[in-house]
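Presented below, as structure tokens, is a lone chain in the form predicted on its own.
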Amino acid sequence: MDAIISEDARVVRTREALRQAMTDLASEAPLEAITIRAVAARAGVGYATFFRHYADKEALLADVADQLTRAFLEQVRPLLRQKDRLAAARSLCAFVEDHLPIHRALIAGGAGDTVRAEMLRQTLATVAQARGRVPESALDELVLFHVVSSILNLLAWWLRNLDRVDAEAMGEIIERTVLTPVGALQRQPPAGLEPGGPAS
């Protein structure tokens, strides 16, 4: 049993080292210039060890994105429970700003369409899991997709225009253009998309 626990702990440590290495390297070079060898070297593991944990660089990036999403949701959960949309949106922008290089690389940089599509998929799955329930209707599913994809697109614009809009103002933009309209949509769903309606 001790050997299994020790092996599990080693896997966790190695994955964390690889995620941290990727995050650190993203602040030093464009994503497309970061090689698996560089990540492994920065993490202090062998090149072959990388592939025992991740199939490729994109898989590591998806894991980094997932960990960031989980960390943010943990931070913002009390605000969501209080239904404080503006505070939640501002908290999101502050979190992105605190982890700027990796978010810039993942969302607005050279991550590529495949990584961005995987980030959207992973974020949707993580947010859905954090909600603790499956979508109850087509509207529920559409709202989740709309919120996540819209916020990612707005963040991509912001990360390319940081000199024009600060984090607090960007949080207000997200609240006013995405979160509040979605709240109204959920209170008064379109005909045919009500929970239990024909589309559910």
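Residue numbers run from 1 along the displayed sequence. Think of the rigid core as the biggest set of C-alphas that the two forms share within 1.5 Å after superposition. Everything numeric here is computed off the predicted structure, so don't read it as measured data.
Although not depicted, the form predicted in complex with the DNA is the subject of the following passage.
- The DNA is not drawn, but in the predicted complex it has a heavy atom within 4.5 Å of His53.
- When contacts are judged by a 4.5 Å heavy atom cut-off, Gly44 counts as touching the DNA in the predicted complex.
- Under a 4.5 angstroms non-hydrogen atom cutoff, the DNA in the predicted complex lacks Arg70 among its neighbouring residues.
- Looking at Thr23, you'd find every heavy atom of it more than 4.5 angstroms from the DNA in the predicted complex.
- With the partner omitted here, the residue from Asn153, Ser27, Asn161, Thr35 that has a non-hydrogen atom within 4.5 angstroms of the DNA in the predicted complex is Thr35.
- Relative to the DNA in the predicted complex, residues Leu86, Ser91 and Thr180 are all farther than 4.5 Å at every heavy atom.
- Figure note: of the listed segments 166-174, 54-62, 153-161, 138-146, the one touching the DNA in the predicted complex, with heavy atoms no more than 4.5 Å away, is 54-62.
- Comparing the forms between this form and the one not shown, the C-alpha position of Arg37 differs by 2 angstroms or more, with the core used for superposition.
- Here Tyr47 counts as shifted, since its C-alpha moves by at least 2 Å between this form and the one not shown after the core is aligned.
- Once the cores line up, the CA of Val178 ends up less than 2 angstroms apart between this form and the one not shown.
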